[in-house]
Ligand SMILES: Cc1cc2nc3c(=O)[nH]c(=O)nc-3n(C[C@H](O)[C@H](O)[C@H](O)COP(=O)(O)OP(=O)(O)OC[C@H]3O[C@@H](n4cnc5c(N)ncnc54)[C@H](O)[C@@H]3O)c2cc1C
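Below, in structure tokens: the form predicted on its own, a single chain.
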Amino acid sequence: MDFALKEEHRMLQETVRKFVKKECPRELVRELDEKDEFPRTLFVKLADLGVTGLTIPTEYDGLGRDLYGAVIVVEEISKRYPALGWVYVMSAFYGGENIAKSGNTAQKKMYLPRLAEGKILFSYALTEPNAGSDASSAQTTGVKKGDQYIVNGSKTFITGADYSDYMITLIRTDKKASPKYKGLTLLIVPSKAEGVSMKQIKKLGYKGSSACEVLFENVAVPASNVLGGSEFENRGWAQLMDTLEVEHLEVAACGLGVAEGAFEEAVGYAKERQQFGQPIGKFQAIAHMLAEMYTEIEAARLIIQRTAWLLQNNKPSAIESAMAKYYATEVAKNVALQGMQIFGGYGYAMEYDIQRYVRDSLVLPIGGGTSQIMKNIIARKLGL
């Protein structure tokens, strides 16, 4: 069993680290966070590295599907600027992975080359006001009229919808289907289509990566935009289930990066802050906190690495991806909060970045499937 990074992954990691150091200095990240500004310029520069092609086959101008490589990108960016990491997710995962895996040939030709270049972004429009974790209860409808679907309804907490070019949207195309999940379809909806309106939700963290309420009012969408083609009408639930394991992995990678960033802040402060004639890191109480934090981070990394390997090799990974998402995001929250404790009163001050890591960490055990839902998945796979 070899735990060493492959040479191409080591080089990728170093490239992204250099990018973050040069293009995402702490002062700029702090400024963008305070302004809640979408980091489009930074994303364009990131795309120029070619990393937006890591989930896209070479025949569509990508680098070939390399999930672990894409995870490395998410992790390294999220250490410094989690919101930019999520914009990358919109490109590489919401767009590249989903279209490459579930799209038909025409859709792949239309979207994947532009995704590989970082020219377009996708959102994942699943959650509804009255159907959060219970996605199969979605009530946004799509009524087929001729060669179009007329979409009506609403979605909420949709990441980056207002900055995206397309939304992969879960709609109900058969109201009479039983069980209810059999009447659902995934439809590629242009974000600027007539009848689509959006409103940003003010939130605590991940500033720069928006969360939106989306309203569909008689939105006409070509029937050819059914993800995978017309034969996948009313088969969206199976497609969704087939992609959620990768979504769990990408959120886990965000959590790992946030945890590492918060840990680095805490270690640096513990070495510099003097109390009672010595750095506070010399006190056993602080040293033990940091030791526990580091152990949790490394355990999360191992789960993520194994999950990425399973998914890359098309092996069953439902329980592993749920464990990765649950554990890594809870680690991010715990490490950030413990880091704030190490900073003491200064951790509560906006001039120190540890407070941003706390704010950003809190959404991770919620978005992409709550920790409680992940535990349910794990329990079911154990036969409980």
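Computed from a prediction, not measured in an experiment: that's the story for all the values here. Don't overthink the numbering: it's just position in the shown sequence, from 1.
This next part talks about the form predicted in complex with the ligand, which is not shown.
Distance criterion of 4.5 Å from any heavy atom to the ligand in the predicted bound form singles out 203 from the list 101, 108, 203, 235. Checking 88, 124, 269, 263 for any heavy atom within 4.5 Å of the ligand in the predicted bound form turns up a single hit: 124. Picking from 226 to 234, 184 to 192, 153 to 161, 113 to 121 the stretch near the ligand in the predicted bound form, with a 4.5 Å limit on heavy atoms, gives 153 to 161. By the criterion of a heavy atom within 4.5 Å, residue 12 is excluded from the residues contacting the ligand in the predicted bound form. With a 4.5 Å cutoff on heavy atoms, residue 373 counts as touching the ligand in the predicted bound form. Using a 4.5 angstroms threshold between heavy atoms, residue 366 counts as touching the ligand in the predicted bound form. Although the partner is absent here, residue 275 sits far enough away that none of its heavy atoms falls within 4.5 Å of the ligand in the predicted bound form. Along 93 to 111, one residue reaches a heavy atom to within 4.5 Å of the ligand in the predicted bound form: 94.
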